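Below sits a lone chain in structure tokens, taken as the form predicted alone.
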């Protein structure tokens, strides 16, 4: 397997947020973003065709990120591309300054067709307002899908988001994996929705939540029974690992708040005569109120 460069990959946990993209690219240029870039085909072609523009690709799946980095290395297209492995909602909320994005693409996003899964759809009214806030005036959002019901749902979300919309059907032209798949299955046209920013929606950039550590005089892993919390912030216990030699426990939790879900580890480790309850090192997460609450719940459970 061909080696790939990690240089385009931005470790958002270790950079100042929001990100000043002109520093990442060492220049000032129009900034385009693609959400869910898949294999990176459209992202790489666009970057190669428009070297005067800068591109940020957002993707959650590690395999897709690896595939894209490999393609970028092979085509030497890394100079004007940066990659974020993160949920798009978190990225737009926290990593982009207002009025900085020129164009945003989302090609063939998951339509979440089942009624119970509609809450997972990306372009809800609230998210569209965040996107608007991060776009420059007259900036464009391009969404392409094969699903008529999904595009109609998005149109129902556009009201009061500061966007003017234009919907048309287009032949295959983006040459992505999913477009090729649907076309080979017989679909001749797709729905292309272009949203143009005409008025600004002011949505402040979300700031990090301070994460506190806690001290325990004693800790017995045999008495650790975590009770899941549900509500506006949901914290679900997955597992606890305990090393009696190192006097260290690792608690794996899933934290869900609003439209954001993050996996998170809390460590309970003995330092001298005191046990410390704190975030575990080496994780990929952003400090949100839900993460802070998860640490508090582990602390409360460990005291029992």
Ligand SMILES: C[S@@+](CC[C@H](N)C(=O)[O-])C[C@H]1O[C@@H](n2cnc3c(N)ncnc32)[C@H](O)[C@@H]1O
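Keep in mind that this is a model prediction, so the values were computed, not measured. Between two forms, the rigid core is the largest collection of C-alphas that superpose within 1.5 Å. Residue numbers count along the first chain shown, from 1.
The discussion below concerns the form predicted together with this ligand, not included here.
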The chain here is shown without this ligand. Which stretch in 187-195, 203-211, 223-231, 83-91 comes within 4.5 angstroms of it in the predicted bound form, by heavy atom distance?
83-91
Would residue 95 show up as a contact with this ligand in the predicted bound form if we use heavy atoms at 4.5 Å?
no
Can you work out whether residue 110 and this ligand are in contact in the predicted bound form, taking contact to mean some heavy atom pair no more than 4.5 Å apart?
yes
I'd like to know if residue 100 sits close to this ligand in the predicted bound form, meaning any non-hydrogen atom pair within 4.5 angstroms.
no
Taking any heavy atom pair closer than or equal to 4.5 Å as contact, tell me whether residue 176 reaches this ligand in the predicted bound form.
yes
Within 4.5 Å of this ligand in the predicted bound form - does that hold for a heavy atom of every one of 251, 296 and 300?
no
Considering non-hydrogen atoms and a 4.5 Å limit, which listed residue (263, 27, 61, 50) is close to this ligand in the predicted bound form?
61
Threshold 2 Å Cα movement between this form and the one not shown at residue 259, rigid core reference
yes
